[in-house]
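Just the one chain here, laid out as structure tokens, in the form predicted on its own.
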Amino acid sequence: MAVLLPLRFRILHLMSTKEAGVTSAEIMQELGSDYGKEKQFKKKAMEGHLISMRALGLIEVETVSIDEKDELITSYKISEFGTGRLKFLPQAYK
């Protein structure tokens, strides 16, 4: 895709292509080649993006679990409101 979207829009687009929810680690793995060198593309910042997107109603929590390191793992999916915002994406992402 030729146009590099702002990260949060790209996260929203990624979630729209998945049937199951995605974790922050999965998002970072899939988008690392495009956004990996950006300052905002760090684990802590990614969590902040997801929390903000959830607060805005763009995404919602699908599952919550604890991994083998006793860390909280949250899986997110796009919300109905977030799906409605996809109409603002460039044609290349539709």
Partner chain sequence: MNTTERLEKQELRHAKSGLGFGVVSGMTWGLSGVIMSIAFGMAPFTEGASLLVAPLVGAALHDGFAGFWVFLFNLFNGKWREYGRSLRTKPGLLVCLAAMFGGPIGMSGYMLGITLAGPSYALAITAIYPAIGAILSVVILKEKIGVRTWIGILLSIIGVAIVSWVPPDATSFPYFYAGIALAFLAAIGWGTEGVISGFGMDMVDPEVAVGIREATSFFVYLVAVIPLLLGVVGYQMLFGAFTTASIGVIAIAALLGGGSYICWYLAINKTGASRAMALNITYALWSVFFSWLLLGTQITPTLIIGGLTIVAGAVLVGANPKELINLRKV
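These figures come from a predicted structure and were not determined experimentally. Positions refer to the first chain, counted from 1.
The same protein also exists as the form predicted in complex with its partner chain; that form is not shown, yet it is the one meant from here on.
Peer 1: Any of the heavy atoms of Ile27 lying within 4.5 Å of its partner chain in the predicted complex?
Peer 2: Because no heavy atom of Ile27 falls inside 4.5 Å of its partner chain in the predicted complex, the answer is no.
Peer 1: Though only this chain appears here, would Glu71 touch its partner chain in the predicted complex if you measure heavy atom gaps against 4.5 Å?
Peer 2: Heavy-atom contact with its partner chain at 4.5 Å: present for Glu71.
Peer 1: Using 4.5 Å between non-hydrogen atoms, is Gly32 touching its partner chain in the predicted complex?
Peer 2: Gly32: no, not in contact with its partner chain in the predicted complex.
Peer 1: Check Lys77 for me: does it contact its partner chain in the predicted complex (non-hydrogen atoms, 4.5 angstroms)?
Peer 2: No, Lys77 sits far enough from its partner chain in the predicted complex that none of its heavy atoms falls within 4.5 Å.
Peer 1: Heavy atom within 4.5 Å of its partner chain in the predicted complex: which residues of 29-48 qualify?
Peer 2: Contacts from 29-48: Tyr35, Glu38, Lys39, Gln40, Gly48.
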